[in-house]
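Next up: a single chain in C-alpha cells, the form predicted on its own.
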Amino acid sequence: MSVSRRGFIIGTATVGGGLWLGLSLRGDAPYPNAREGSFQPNAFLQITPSGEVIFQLPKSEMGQGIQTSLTTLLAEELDYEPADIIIEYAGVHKDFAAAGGSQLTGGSASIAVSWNPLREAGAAARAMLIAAAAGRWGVGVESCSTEPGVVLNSISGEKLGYGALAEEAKDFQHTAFELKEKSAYRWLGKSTPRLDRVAKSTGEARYGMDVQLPGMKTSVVIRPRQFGATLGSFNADTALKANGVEAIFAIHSGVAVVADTYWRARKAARLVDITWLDGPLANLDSEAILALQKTALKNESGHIAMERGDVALQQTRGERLESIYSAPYTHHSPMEPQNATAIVNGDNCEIWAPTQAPDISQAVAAHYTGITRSNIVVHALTLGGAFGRRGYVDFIGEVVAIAQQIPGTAVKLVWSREDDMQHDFYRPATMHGMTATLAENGKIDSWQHRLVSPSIVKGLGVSLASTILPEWVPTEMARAIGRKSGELFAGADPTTAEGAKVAYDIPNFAVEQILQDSGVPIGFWRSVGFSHNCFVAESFVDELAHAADQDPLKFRLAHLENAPRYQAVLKLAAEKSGWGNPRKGHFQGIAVVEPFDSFCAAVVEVSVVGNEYTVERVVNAVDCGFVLNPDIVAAQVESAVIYGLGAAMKPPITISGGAVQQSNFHDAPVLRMNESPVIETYIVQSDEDPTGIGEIGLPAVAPALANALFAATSKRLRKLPLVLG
C-alpha cells in the first residue's frame, strides 16, 4: 500500500493519525456565524446588505500567512479589495472541510487544497452579483462587469455596490461562472502586505492565552513525568488552603488544580502530594532505544516501501559504500504553550482554542464530556506557532474534563513551558542503514535505504476511533474499526518513510522500513519524515559524489536529467550562492529535496574554528508552483531554515527513566537571533498549480550543513545534531 502523507492527512482528518476512513465527522447544520439577511452563496462567504464582505477562514493562522493568502484567493475572483474583507475563523461545519477533507491545517496543504474551491467560491458569487445587477437594470450580463466592490453597467455607466445587490443575488444560485486568467489578476502573484500585520503588531490579534471571560478560573494539570505512569493517590489538603484555590481533582491525564489566577494554581500544584505508579517504560532511556535500533537494523527485515531493479544482485558486484545515520527525538516548542478555555453547562459546551483542527477538537470534547457534537461550539483562535503540535488536541480533552467538574464557569487551562517540553509528541528517533554501489562511469548503480523508526500512525486508530467516528457508532464497534485501521500500517508508515524516495536516476533502488516502537509519544513535526530522511539521503549522495571524485552539484545534476524542476532549483541556488567560489575561509554544502510536491535546493556556507562552526549564509531556491505572494514564500522559507538549523545544531530530547530529561530552553535551546545566518530565497517562476511552502525550506538545511562541514573538515557527520569534535 502506498499512501502519501498529504493523502493520509486529508483521509484521516487528523494530524494525530488513526483512521483511513471517508466518513463525515458531523451531520448537516446551518453555517456558523451567519448574519441575518446576508447573501451567503457558500460556507466561506457572506455579503451583508450594508456592504460588509465576510470570509470564514477554514484554516488556522499560525504564522504561515494563510489568513492573507486564502483571503486573497477569494478576493481575486470576487473582485474585492482583500484588505477590506472581514476575516473570521470558521466554525465547525462539513462544508469547511470540503477544501481538503478536514478543517485540519497541516501537511503544507492549505493553499493546494484551497486553490480551486476558494477561487470558485469568489467567482460564483461575483457571477451571481452581476446577474442580479443585470436583472435590475434590464440588460444582459455581457453588459456588466466589476471593479472592486461594485458592478458596472457599460451601457448607462451606473454602478451598484455588492451590498445593494445582496438580497437579489440570492435568486441566482446556479449562475454559470468562469475563473480569471492569471494575466488579469490584481492581487495574486504580488507581494501585497500581510492582512494580519497590524493586529499582530499592536496586540489586537487574539491568541488562546489572550482569552478573558467573566468569572474565568485558571487551571494547571500535574502530569507524571514518566510516560505511561498512572495516578496512585494524591493528598491536596495543604494545597486547598492556598490563596485563590477553587478545586483540586483527578482527571484522565493527571491532577487538575483550579484557582483564580495562573500563578496561584501553579504554586498550589507544588503543594499537592502525589504518588505515581510506574508504567512499562520506567527503565527506558536513550541508550536503550539506540541499542534496540542498532539491533533491528542489523538483524530484522521490514516492509519494502519502494523498489525497482535488483538491488541485492547489484550489490554483490563491485565495491559497496556503507554508512549508518541517525536522528534523535526533537521537540516542537511553539512559542505559545498549549492552552484552551472552555465552559461546560449542562448539555452545552463552548471552547476557545488555538488548534490546527477545530473539528477534531469538537469530537474530542464530545468524547470526554458525553455532549452531542452539535451542542459543542469551537472558537478557533490565532496560534502562537504549532509546527504540527496543535494538530494533537490532548489539551482540549483536558480543559473540557476540568470545566465539566465546575459547571457554568469558564476555565482556562495553561501549560507551562516544562509541561509543553516534557509532554510533547516528539519527532521520532530514527536510524538508517545506507548502502550503494557506483558504476565505472561514476553513476550510482544501486541504492538501498533501510530505515528503523517507530510509526506515528500505527495503533492510534483504537484510541481515536471513538472520537473521530460519528456519534451513532457504538463504542465497541468504533474500537474494532480502529484496530482494523491500524492493520493498514502493520508494516510501514507513509509519514515516517516520506522523503526516502529520491528522484535520482538509479536503476536498482530500494527502501525498506523496519517499524520499532519504544513507547515514547511521537507525532508530526515540521516536514515529518522529510526532516530525517532527506538529511540521510542528501548526505549520502554527497558521500557518493566524493567517492566518485565529482563535484557534488554536477554529480546531482547528472542523476537528474529527467527531473527538470529539480534541476531548476539546483541551478538557481548554485548560481545565487556562487557555488564553488565561496569567500576565503568559508565552505559550501548543497542539497535538494521535494517535500509535499514542492522543490527546494539549499546551499549552506560555513566557517570553522577548531571544533566550533558558524553558519554564515543559506541560499535557497524554491519551486512551489504559482506563487500567490512572494513575500510570504520568502518568510516561510526563512522560518523553516531557522527551525531546521535549530534541530540540526542544538541538543536533542533525551530519555531517562522513561521520561524526558529536558525541561525548558536552558537545556533544550532553540536557535537565537545572533546565531541566525544571512538567508536568501529565490523563486523559480511557474504556472503549475500552487503547492505547499510552510515546511518546504526545512529538509534541505541539515544535509546541506553537514555537507558544508565535510567540505571544511573532511569529517562526515552522520548523526544529528551536527557536532564537530
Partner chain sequence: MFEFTVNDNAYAVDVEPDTPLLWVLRDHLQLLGTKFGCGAGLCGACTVHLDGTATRSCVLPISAVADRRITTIEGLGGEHPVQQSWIDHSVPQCGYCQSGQIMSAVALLDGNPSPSETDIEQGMAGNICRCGTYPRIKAAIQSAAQAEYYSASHTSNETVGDDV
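Numbering follows the first chain given and starts at 1. Note that the coordinates shown come from a computational prediction; the quantities given were computed from them, not determined experimentally.
The form predicted together with its partner chain is left out here; the points below concern that form.
Shown alone here, S416 lies within 4.5 Å of its partner chain in the predicted complex, counting heavy atoms only. Put simply, Y31 is far from its partner chain in the predicted complex: not one heavy atom of it is within 4.5 Å.
Contact check for I683: every heavy atom lies farther than 4.5 Å from its partner chain in the predicted complex. In the predicted complex, G203 approaches its partner chain with a heavy atom inside 4.5 Å. V198 is the sole member of V198, A176, L313, I86 with a non-hydrogen atom within 4.5 Å of its partner chain in the predicted complex. Scanning G385, P521, P507, G228 against its partner chain in the predicted complex with a 4.5 Å heavy atom cut-off leaves one residue, G385. Across the options 366 to 374, 400 to 408, 335 to 343, 620 to 628, residues that bring heavy atoms within 4.5 Å of its partner chain in the predicted complex belong to 335 to 343. At a distance of at most 4.5 angstroms from its partner chain in the predicted complex, none of the three residues A296, Q550 and F555 contributes a non-hydrogen atom. Residues from 657 to 680 that approach its partner chain in the predicted complex with a non-hydrogen atom closer than or equal to 4.5 Å are N664, F665, H666, V670, L671, R672, M673, N674, S676, I679, in the order they occur in the chain.
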